[in-house]
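Let's start with one chain on its own, the form predicted alone, as structure tokens.
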Amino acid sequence: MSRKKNYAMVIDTRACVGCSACVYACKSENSVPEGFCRDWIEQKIQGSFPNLTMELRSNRCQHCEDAPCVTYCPTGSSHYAGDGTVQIDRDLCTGCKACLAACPYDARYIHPIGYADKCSFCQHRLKKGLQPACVTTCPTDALHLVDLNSNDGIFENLLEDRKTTQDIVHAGTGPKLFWLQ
């Protein structure tokens, strides 16, 4: 019996240089229309002048364990795929925007054709045993797709001796993006 996968992403903010290669790889791989994106680069600035720090973050859908977008989708289009990811069935989506309103991460948009769209961790690639386009394109190896159910130790090794943060954990969604500092 094969073990069920539970994908998450670990992003090394020390390695990310904000080049946007992940953004452009995603746009190309997933035919994202101009003016929209499934992932993006953020600058997190903390402190007060003159003691400021800046962190570059590659960001995207958090593939939450308790995803409000799934809970509030009236058609069942937003759903758990069984591999730890949250996916959208375009054929079921009516473009009602309930999932956009429910997502505390602002990670979705309405495609010009009329359906909700977001990062899928390139599920079409995962099914072929490949990594997401953003991961394979990152020139500094800042992005790591991991299987939280694996005993390969990759997740634990990435987090070893590093502080990690997650966004909006107080919302109780169980986000599965981890930023290493």
Partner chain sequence: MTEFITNKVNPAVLPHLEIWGSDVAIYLFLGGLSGGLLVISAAMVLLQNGGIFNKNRPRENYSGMVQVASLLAPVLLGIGMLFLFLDLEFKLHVWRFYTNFNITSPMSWGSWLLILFFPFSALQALVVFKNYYQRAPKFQQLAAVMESQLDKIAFINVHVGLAIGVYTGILLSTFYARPLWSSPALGFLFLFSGLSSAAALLLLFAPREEKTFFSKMDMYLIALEGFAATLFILGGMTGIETAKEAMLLLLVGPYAPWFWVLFVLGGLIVPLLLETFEAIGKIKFTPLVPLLILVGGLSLRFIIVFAGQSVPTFS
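On a predicted model such as this, the values are computed, not experimentally measured, just so you know. Numbering follows the first chain given and starts at 1.
There is also a form predicted together with the partner chain; it is not shown, and the following applies to it.
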**Exercise: C37 in contact with the partner chain in the predicted complex, heavy atom 4.5 Å** = yes
**Item:** 4.5 angstroms heavy atom contact with the partner chain in the predicted complex for N151
**Value:** no
**Request:** Indicate whether I41 is a 4.5 Å heavy atom neighbour of the partner chain in the predicted complex.
**Result:** yes
**Asked** Looking in the predicted complex, any heavy atom of L126 within 4.5 Å of the partner chain?
**Response** no
**Message:** On the criterion of a non-hydrogen atom at 4.5 angstroms or closer, are T75, T94 and K97 all touching the partner chain in the predicted complex?
**Reply:** yes
**Prompt:** Mind listing which residues of 108 to 129 have a heavy atom within 4.5 Å of the partner chain in the predicted complex?
**Reply:** R108, Y109, I110, I113, G114, Y115
